[in-house]
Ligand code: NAI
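The chain below stands alone and is given in structure tokens; this is the form predicted on its own.
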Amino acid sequence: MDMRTVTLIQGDGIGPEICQSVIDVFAAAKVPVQWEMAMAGLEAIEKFGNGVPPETLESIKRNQVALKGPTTTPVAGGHKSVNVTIRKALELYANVRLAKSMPAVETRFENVDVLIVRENIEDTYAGIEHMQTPNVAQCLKLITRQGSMAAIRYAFEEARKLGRKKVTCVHKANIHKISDGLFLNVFREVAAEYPDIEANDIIVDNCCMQLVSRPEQFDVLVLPNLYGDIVSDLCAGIVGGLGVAPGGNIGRDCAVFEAVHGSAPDIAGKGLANPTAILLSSIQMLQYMGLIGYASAIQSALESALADGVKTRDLGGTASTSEFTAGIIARLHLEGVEGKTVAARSNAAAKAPTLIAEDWQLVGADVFVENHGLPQMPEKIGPFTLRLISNRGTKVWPGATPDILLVDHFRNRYVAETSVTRADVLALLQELTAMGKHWCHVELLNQVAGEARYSKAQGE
């Protein structure tokens, strides 16, 4: 069997220790994989000033498959997330996590087997944030038809390949009617192409409650990025934690599999690290590569070791990282593994998504103004009439101002009776500037055949 080269990023903290476990198990199982070492994380920053050097991305592109240990991401400052950087640079649009009950891993639930497919690029993870005033921060939540369709189609394709019966869309379209509404609409469009698979949807907060009540009711979940991040960790929690949670990031041309837990620098080098998550991720990687026999052999050895009580301390055992690895190797049975292969996973989601075109009519603009207290705004400028003023999404004008906390960031909605041009909006802004109004942000208001492509204010 031909050798395949796989990029290996050991990462930070316990990363090198748990990656060594994979190296040792693969060697013992005679997996036809050779490793190409690449760097990302703190060491790369110290050496190159860049958490993900170009050479690392080139290695992944060249080999098309990578396995990655955990990397450290500072909170509220410092370098950008290495994980997010890799996902965006390689357009790894689907994050795939399996939450499955493991032998001898005690939890409050049994027989959990949920596949979570998370859109991996956009949503609030686009990272488009601005301070609007010294007291108001804004983050743009971007949901696109193309990004949603790629992740959702991948979820249905995986369900069909794996013989799963149901795909559930998780959303908050009751509140985020336009953004999550688009994700849900795309889900319904794609679901119609898979009549052999049951499709339903659920609001994200209810989904969380149901997961910790009756997780067995779920099969495949597909979610926008932020909800997917939270729900996938919740699912990991009900099967034993991130220490037993594999993860894969799937793109059109390559895939990166990773341990989804943290780098745990406090136990690095002490032989306490649990390599289960990255071993499970490497098994997921082998399945992706079509090396089914090797994947099954390592999976069986891992489960046998756990069932026999060979566990690291975080799982209630006494084994060190190396002892746990040795326990898996001792239980490997390799008869016939070479003959159990299938073609590497093809990606139906790579086909061009269906795009739509609409005849938009520009009818106004939301002009966000910095002001201490309710601003005195002109009610008529050119073709525009001031329809409302809101603060943090709640209408504060016209009518009596509600007794709420007002921040120094007011949305002023100017709407025309007929269609206008961008030049008209520019003239509106110039007039407000001349009046000394400190506008800081503008959103155009469009409609299609009288249907608004923008949201109402609370109380409107």
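Don't overthink the numbering: it's just position in the shown sequence, from 1. These figures come from a predicted structure and were not determined experimentally. Here the rigid core means the biggest group of C-alpha atoms that line up within 1.5 Å when the two forms are laid on top of each other.
Beyond the structure shown, there is the form predicted together with the ligand, which is absent from this document and is the topic of what follows.
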**Q.** Thr72, heavy atom within 4.5 angstroms of the ligand in the predicted bound form
**A.** yes
(Q) Taking the ligand as it sits in the predicted bound form, is His171 near enough to touch it, meaning that at least one heavy atom pair lies within 4.5 angstroms? (A) no
Q | Contact label in the predicted bound form: Ser148 to the ligand, heavy atom within 4.5 Å | A | no
Q. Hey, in the predicted bound form, does Glu119 get a heavy atom within 4.5 angstroms of the ligand?
A. no
Q: Have a look at Gly316, Pro265, Gly181, Pro103 for me and say which one sits with a heavy atom within 4.5 Å of the ligand in the predicted bound form.
A: Pro265
**Q.** Interface residue in the predicted bound form among Val369, Val260, Val239, Cys208, criterion: non-hydrogen atom within 4.5 angstroms of the ligand
**A.** Val260
(Q) If contact means a heavy atom within 4.5 Å, which one of 219-227, 359-367, 300-308, 273-281 is the stretch that engages the ligand in the predicted bound form? (A) 273-281
Q | Heavy atom contacts to the ligand in the predicted bound form at 4.5 Å, residues of 1-23 in sequence order | A | Ile14
Q: Determine, after fitting the two forms on their core, whether Leu315 shows a C-alpha shift of 2 Å or more between the shown form and the other one.
A: yes
Q.
So that I can tell if Tyr93 moves, could you say whether its C-alpha shifts by at least 2 Å between the shown form and the other one after the core superposition?
A. no
Q. So, does Cys208 move by 2 Å or more at the CA between the shown form and the other one, with the core held fixed?
A. no
